[in-house]
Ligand code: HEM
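In the form predicted on its own, a lone chain appears below as structure tokens.
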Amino acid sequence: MKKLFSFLRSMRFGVLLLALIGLCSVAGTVIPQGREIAWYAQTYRSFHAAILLLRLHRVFESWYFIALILLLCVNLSLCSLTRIRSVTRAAKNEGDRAAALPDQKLLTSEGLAVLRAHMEAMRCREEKRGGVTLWRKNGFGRYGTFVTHLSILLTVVFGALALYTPTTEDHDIMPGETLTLEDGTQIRIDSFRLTDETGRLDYESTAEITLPDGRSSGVVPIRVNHPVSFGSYKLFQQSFGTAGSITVTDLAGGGSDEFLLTETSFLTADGRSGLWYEVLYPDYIRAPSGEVTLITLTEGSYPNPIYQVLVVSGEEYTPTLAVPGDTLEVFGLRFTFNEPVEYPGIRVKHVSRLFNGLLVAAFTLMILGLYLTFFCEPVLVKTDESGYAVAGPRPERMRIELENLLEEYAIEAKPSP
């Protein structure tokens, strides 16, 4: 058990865990996460089986990644507890132990004066104890490594909470429409495209996020693997679709409205007669005889869209095919078929502001720990009437500094008889 405990708190084990977590993070960044299995089979034809077996398509939800995070927390906790215990134990009665040290260097009276002036210039605190003088400075610096270990632990814990506790919602938002979330945050999709100017697939949405306090992100692009963060929200380009567009005009009143349809719908004024929208096909082939064969494509483009609808008149249902530009009149309503509208599926991830604030606090604590470790080295020097001795948790730097400063004032110790 002692060997196991020693291994779990060792730096070697911590570095190994960090390396494995880094490799998993690289895999989770290079391989798009959370897609359908068919997408991986099509994109990674030769490796999709290994990707699915190793759960590289959901790295951050895999059991081994969570296990690595937990083991890192254990390692950092043990390191922190061991460090604070040893530091606290060493700090106890440190002054008495330093006062009892024999002189490491003997100095002339002039050298003692130079040493005193140097310690005062360093703004060290002077303390008289049992006929000797102790010079202290940066006593809190001994806790630098503990604070650094603790901050890394808190960063891992708060980062895990931020990763695994956010709420995630998927929404289909039509271009020009605005989605209002429960807290009043509004997401407006300005535009969406499947391809860029060169014809290359890029699946880009442009969106504007407006928080309840009125702050706006402005119109920003959202691409696959390039989400947008604003406030406590992160927006991902998750999917896409194509909606049928039908304009309905009331021939008697003159009013009209456009309907964007993504599922089976019944457009009617009296509940009995109207147009039953069934499905939109991306392409078709018309034979010389006039017969139409509908084609289903998987690329997402609709080069020659065709609507399949039912004209409903009482109990009669008449199957009908229509292309953009066609019109149908049914009991006082005119149905005009428009070009279909491509729309994005946006994944909205909400991370609590509390976790964001805690992460910032953990990073701030880490900076403080690093500052204490590297720029606030503890100083503890004992002087008496004949010389001095350097004590403290890290005396090497101060010992070399004083030896160089007082080299010409040093007195060789007489050998013992």
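Quick caveat, the model's predicted, so the values are computed rather than measured. From 1 onward, residues are counted along the sequence shown.
From this point on, the text means the form predicted together with protoporphyrin IX containing FE (HEM), which you will not see here.
Exactly one of the stretches 302 to 310, 127 to 135, 144 to 152, 326 to 334 approaches protoporphyrin IX containing FE (HEM) in the predicted complex with heavy atoms within 4.5 Å, and it is 144 to 152. Not one of 206, 344 and 350 comes within 4.5 Å of protoporphyrin IX containing FE (HEM) in the predicted complex, counting any heavy atom. Contact annotation for residue 405: none of its heavy atoms lies within 4.5 Å of protoporphyrin IX containing FE (HEM) in the predicted complex.
Among residues of the shown chain, residue 18 is one whose heavy atoms approach protoporphyrin IX containing FE (HEM) to within 4.5 Å in the predicted complex. Using a 4.5 angstroms limit between non-hydrogen atoms, residue 66 is distant from protoporphyrin IX containing FE (HEM) in the predicted complex.
Contact check for residue 399: no non-hydrogen atom falls within 4.5 Å of protoporphyrin IX containing FE (HEM) in the predicted complex. Listed residues 187, 246, 79, 115 were compared with protoporphyrin IX containing FE (HEM) in the predicted complex; 79 is the one with a heavy atom within 4.5 Å.
For the candidate set 370, 31, 52, 361, a heavy atom within 4.5 Å of protoporphyrin IX containing FE (HEM) in the predicted complex is found for exactly one residue, namely 370. Contacts between 377 to 403 and protoporphyrin IX containing FE (HEM), taken as any heavy atom within 4.5 Å in the predicted complex, involve only 394.
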